[in-house]
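Just one chain follows, in the form predicted alone, and it is written as structure tokens.
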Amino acid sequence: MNATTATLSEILLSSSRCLAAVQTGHSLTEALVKLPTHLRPAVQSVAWYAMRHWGLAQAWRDFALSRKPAKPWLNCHIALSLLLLDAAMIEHGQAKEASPQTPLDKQCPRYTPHTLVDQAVHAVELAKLGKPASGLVNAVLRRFQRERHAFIKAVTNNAVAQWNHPAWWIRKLKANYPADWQNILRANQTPPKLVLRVNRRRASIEAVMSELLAAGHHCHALGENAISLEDSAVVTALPGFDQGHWSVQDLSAQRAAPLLDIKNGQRVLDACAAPGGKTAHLLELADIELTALDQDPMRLARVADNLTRLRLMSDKVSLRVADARAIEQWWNGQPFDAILADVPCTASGVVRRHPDIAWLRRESDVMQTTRLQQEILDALWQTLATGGRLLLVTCSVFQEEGEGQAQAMLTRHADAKRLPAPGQILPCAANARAPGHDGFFYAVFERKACNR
């Protein structure tokens, strides 16, 4: 099987297995990486689309089955097949009300309902699940065709089906953002555009734009350093990738490094650095002595790879595998002039590019990450020089991980002075004129002298 012979049934089968991994607590990205290269683009588009409609799929499964099949994998496969069928019916104008809140993912292929049913059944046969399984899939999908209007009526008041997020997530957003929660959920279900950050040490935005346009890509500049691509593309195949002319980075994330206002010659710490996008941006902005920490050696290796590609590695850059909280294991006692603390969080602000996050998180995770963030911030504060800056960053929209964390920081540290920063940035959906952006939180603190 190769890129030209992969069938829809094979794509459905691989997609179902990836979605099964999500149901057992694994990220969709991890599952996709394990696929053969020729299958990955098609499976990724199908699986992402499925995740953006997972609440609707679960509602349909519950509606269609009087009892759930014993195999979790089969449940996952049925849900995926139904989602694809729903996409095809919307595309052909037969079920416009089936998914009223979100547009179709433009990268997701469309098929006729008949083709989807046939190929879904064939996928079950390829998986060798037996005739009872293929018969069940066939019956459920055809029932959807017959009883679509009854299903739509049945889920009219089902918030999970309508918004395709867990019920606890919807409740929390309503409480945190009474006026904006619906816009946040809509943005989360809209596929993002590809945004590049130009490496100004290697190229100009004009040169990168020229290369992209010459290669047939539709794009436009966003300020001095960012470029938005209007078409989908394989990142590693874009001109300038191997030469280190740019990095992929969302507009919201690009705001991090400039907020530290670093100067040449300063000692800078990037805690929780992987995969290295913000690390690279710091090195692009000034000639600094930089230490990058991450407790995962595999993820830290990605930082090294990214810095090498961007031609930013030097003897002034130190990569350390360490837990940021255990400062005795990695800090030599010399204070840092600036610290970027991109602390672990629920990643609730980047659901539009990682739609599986909403279904992997649990409500209890918010409290756990909040405690972890406090421990990291308290440790890092000890290593900051008087007059130095610490930037708190989270890619979250939950207030416990944002403004609540910033206020708690001021309460715990009397020598902390809060400086101007964007605060909470809510996710925004892409449109014809703008690439949209992820949800982030930013707070900057200066360490005051004790006698002030």
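Being a predicted model, the structure only gives us computed values, none of them experimental. Residue numbers run from 1 along the displayed sequence.
One more form of this protein exists, namely the form predicted together with a small molecule; it is left out here, but the text below deals with it.
Colleague: Which single stretch, out of 352-360, 319-327, 201-209, 129-137, brings residue heavy atoms within 4.5 Å of the small molecule in the predicted complex?
Modeller: The contacting stretch here is 319-327.
Colleague: Is Q295 one of the residues lying within 4.5 Å of the small molecule in the predicted complex, judged by heavy atom distances?
Modeller: Taking the distances in the predicted complex, the answer for Q295 is yes, it comes within 4.5 Å of the small molecule.
Colleague: Examine A273 and determine whether its closest non-hydrogen atom to the small molecule in the predicted complex is within 4.5 angstroms.
Modeller: Because a heavy atom of A273 falls inside 4.5 Å of the small molecule in the predicted complex, the answer is yes.
Colleague: Please run the contact check for V343 against the small molecule in the predicted complex: heavy atoms, 4.5 angstroms, yes or no?
Modeller: Yes, contact at 4.5 Å.
Colleague: Classify H220 as contacting or not contacting the small molecule in the predicted complex by the rule of any non-hydrogen atom within 4.5 angstroms, answering yes or no.
Modeller: H220 lies outside the contact set for the small molecule.
Colleague: Counting heavy atoms only and using a 4.5 Å cut-off, do H165, K174 and M367 all touch the small molecule in the predicted complex?
Modeller: No, the whole trio is out of contact, none within 4.5 Å by any heavy atom.
Colleague: Which of these residues, M313, A226, I376, L285, gets a heavy atom within 4.5 Å of the small molecule in the predicted complex?
Modeller: The residue from M313, A226, I376, L285 that makes the contact is I376.
Colleague: Please tell me which of R309, R299, K193, R148 lies within 4.5 Å of the small molecule in the predicted complex, judged by heavy atoms.
Modeller: In short, R299.
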